[in-house]
Ligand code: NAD
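In the form predicted alone, a lone chain appears below as structure tokens.
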Amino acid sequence: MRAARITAAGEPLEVAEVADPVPRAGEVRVRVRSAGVCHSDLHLWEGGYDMGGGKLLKVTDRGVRFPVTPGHEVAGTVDAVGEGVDAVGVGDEVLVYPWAGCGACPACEAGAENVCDAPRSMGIFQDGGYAEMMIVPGQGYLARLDGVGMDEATSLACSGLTAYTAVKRAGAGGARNIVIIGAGGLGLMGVQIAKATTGANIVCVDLDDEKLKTASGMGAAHVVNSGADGAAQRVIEACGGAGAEGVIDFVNAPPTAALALDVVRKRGTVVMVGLFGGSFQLPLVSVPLRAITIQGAYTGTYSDMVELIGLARRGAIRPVVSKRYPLDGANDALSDLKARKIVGRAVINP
């Protein structure tokens, strides 16, 4: 089969013939029909995360080993099964839950493999979906699509799943106002999910007016360009004058983190999601005096993904797929994503 592999940080992906993977007992081989192009793939390709102050958290320090085939948002058909697999069969259309854990840490025991202490995530720590086929280490990591389109389904395994988790946290307690910072693939999904699952007034913030226009069409009651003068005050006013109970930062860069803390109201929650990176100074006394909560969100659980597929099946959310690339175009896909040329999601169709 053919696969697009990262051989070294920062180097072009190498598209080459590799041996067809053979499923062992308990494993499933999926023929990839669609693989989402995610910002996490960019970080894997570039080799790390910006920690601020000139520091880089290398992906190899987290346990990644090159060469590796990226792609953790994968939809396809079951192609072959190993001994003992009986929940899926050849030909089934499935979405891969890529966030495999160790199975033994407290998170895994609680069903939250996405925050495992020793993750084995597909497309990061083991080969993923930028290939014609991939191995899934267990049938419990597959969910039937049952009518949801494969290109549209891919984002439900990561960006949609992350947005779903973030909206749950930001909307906890019946938030009246939810501010969504970033109108990229994650943010647009967050707008739709917040619209479908909460009764909140939704305010979306971004630097790009075209993306903000898309956010308005997907359910944002108010949009604010963060590059405009007085952007924070405009957001607060859109929330009724006191700020938002829930703020989700899908960018998580120093300017957006500062904006999030400016617009969250007393007793509110800031959910940091994006991996843009960097650092910023926080007036520590403001946290207890305002009784605000600052927390992170990283993907979600398998059961969350199944719930999300249900929302898509009912038409409550509509993942946006704006560009499609062949496997040979994997480098172009990542370059276009880095250059902010993609609205919503791009997919690779091997």
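Since we're looking at a predicted model, the values are computed, not measured. All residue numbers refer to positions in the sequence shown, first residue = 1.
A second form of this protein, the form predicted in complex with the ligand, is not displayed here; the remarks below concern that form.
Only one of 229-237, 262-270, 146-154, 179-187 places residue heavy atoms within 4.5 angstroms of the ligand in the predicted bound form, namely 179-187. Although the partner is absent from the chain shown here, A297, L337 and R340 each have a heavy atom within 4.5 Å of the ligand in the predicted bound form.
Though the partner is left out of this view, S121 does not reach within 4.5 Å of the ligand in the predicted bound form, counting heavy atoms only. Contact between S40 and the ligand in the predicted bound form is found at the 4.5 Å heavy atom cutoff. Interface residue remark: D206 is counted as part of the site for the ligand in the predicted bound form, having a heavy atom within 4.5 Å.
L275 belongs to the set of residues with a heavy atom inside 4.5 Å of the ligand in the predicted bound form. Though the ligand is absent from this view, in the predicted bound form it lies within 4.5 Å of a heavy atom of just one residue from G219, P255, G82, G101, which is P255. A heavy atom within 4.5 Å of the ligand in the predicted bound form is found for exactly one of C158, A194, V74, A131: C158.
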